Each structure stands twice: as C-alpha cells, then as structure tokens.
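The form predicted on its own is given below as one chain in structure tokens.
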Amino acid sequence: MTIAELVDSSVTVEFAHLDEQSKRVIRRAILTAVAVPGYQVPFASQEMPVARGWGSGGLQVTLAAIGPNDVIKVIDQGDDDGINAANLRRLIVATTDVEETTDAREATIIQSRHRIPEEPLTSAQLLVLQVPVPEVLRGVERDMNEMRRMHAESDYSKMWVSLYEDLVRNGVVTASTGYPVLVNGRYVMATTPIPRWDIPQLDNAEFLTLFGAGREKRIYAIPPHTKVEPLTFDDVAFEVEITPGATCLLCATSDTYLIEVPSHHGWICSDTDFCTRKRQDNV
C-alpha cells in the first residue's frame, strides 16, 4: 500500500486482524510520522495475539499498511526461520492471504527485528521495524516531561555527554544496537536494536521505514531521501561493527554483517536469505 492510498479514505482493506477503525487510527499516525521524520507519534496500540515484546507494534503497522497485492517477508535478526519471524509471518498470511517470500527482492513489505536486509531495498518496498524502546533519551533522562522538553527544544546535550563519557571510559563509543541518529537535522531518534552496520542504509534511502512500538504506543518514520546522521564527534569517525579477517563459514563473504558461532569457532552471515543466494551464485 502506498502513501497515496493511505491518504485516500475510499481505499479500504476488508481483511487482516485489526478492525477498520483501528487501521485508520494507525494510518493517521503513520502519515503524521512521515510528515515529521524522527518524531514519535502516539497511537492507540491494540491488544494483539502475540506477547508484548514480540513485535506487536511492528505487526500493527504492517497490518494497517498491507494490501491484497503485497508480498510479505518477516525476519528476526536476519533469519527467516526464527520463532518470532515464523509466528508473525504465519499470523499475517493467515489473516490477509497475501503471498509470502524469503527473498528480499520479491517482498513489498519487510517486517524485521534487529536487521535490515543486506539486499539494497527500492522505492517500491516498505520496511517495518519492531521497536522495544522508542525513546532514545531514556538512558540519560528518566522524567518523561523533561524528555518531551528536550525533544521540543532540540536539547540533546545529555546524549552528547553520555557518548563522550563512553568514549573516554572505553576508548571507543561502545553503543551498538539502538545507536542514536539525527534525522533530517532535527530529531535524535533510536534506531531500534539494528546494529551500527545497518545505519548507513537508512541515510537518503530509497525506501520508507516505519518504526512501531506496541508496548510504548509510538510510531515514527524515516521517509525516503531523508538525511540520517549517526551522532559522532568531528574527530572520532563513526564505525560499523567489523572483525578483521572474519569471513562467513558458509558463503565465504566478508562484506556482510557476521555473527559469531562459538561451536564452530567461526562466523556466519546474519542475513540467511542473502547468504543462501550468495552460496548459490558461488556454485
């Protein structure tokens, strides 16, 4: 479903778990989030047939945006067969009867936790990221009213101090998942549990990214062609995770996000679909 279809009130979707009124509420929140990149939009989060913390926010965003001609891909930490991914995909397909796929090139909607596919996404695709903690300032400030003031006034000094203390204490900025970014030169935003490796894909991306936090009742977005800058100091370059000399045990690549497999004393690609296709190309 496109943004134009979300605006057009005559377009209705007579399927998916949510009732039409709930979908309209979520779509309005999505449109507001797209209009104000990085801003957390409150929405009336519904009870879903999944445990909170299992992606109920992302699931609601997907079910509100999905249409009968969409193709869905759901991944968990890059894995299509993870328990979380399989259960969410089963629910989406059962309530919409849309086509499912594991190939990122074929999907029109990709719902994910912890990863952005290695395959470059296009303007015809929608990325939905599940969010456990949407408030990027929670680690440096506990008072909700103060956090609202800080966002309203673009006062992110405490965030900068936190990064500086981390740098002085450890020699590097150790923040990995949920690394803070400045969106469109205005709001500092949490990138969810995606690794630093995936953050460059959000900058000036071709695709729309929607973030759904069910437990916290927040939706925010990064529209296509939006500037996304990781917070970093002028004299300390932003770096992604990398292990020198590491290659995937399965496809032998070294230019993807790798995860360690202690039992095999090596590394494998986090993105299982990309790794599978890479092996097929190497045969």
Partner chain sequence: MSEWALHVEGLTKWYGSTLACRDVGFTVAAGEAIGIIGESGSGKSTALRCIAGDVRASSGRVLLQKEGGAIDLLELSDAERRGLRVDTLSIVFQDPSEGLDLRVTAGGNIAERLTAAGWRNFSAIRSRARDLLDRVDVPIDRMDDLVETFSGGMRQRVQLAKAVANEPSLLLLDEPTTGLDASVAAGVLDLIRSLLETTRVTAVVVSHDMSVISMLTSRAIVMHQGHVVEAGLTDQLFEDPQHAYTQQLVSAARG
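Positions refer to the first chain, counted from 1. All figures in this text were calculated on a predicted structure; none of them were measured in a lab.
This next part talks about the form predicted together with the partner chain, which is not shown.
- Among the residues R90, R138, R186, R149, the one placing a heavy atom within 4.5 Å of the partner chain in the predicted bound form is R149.
- Contact between A246 and the partner chain in the predicted bound form is not found at the 4.5 Å heavy atom cutoff.
- The partner chain in the predicted bound form comes within 4.5 Å of a heavy atom belonging to S157.
- At least one heavy atom of V236 is located within 4.5 Å of the partner chain in the predicted bound form.
- With a 4.5 Å cutoff on heavy atoms, D97 does not count as touching the partner chain in the predicted bound form; it lies far away.
- Figure note: of the listed segments 160-168, 202-210, 117-125, 67-75, the one touching the partner chain in the predicted bound form, with heavy atoms no more than 4.5 Å away, is 160-168.
- In the predicted bound form, the residues of 134-155 lying within 4.5 Å of the partner chain by at least one heavy atom are, in order, R142, R149, E153.
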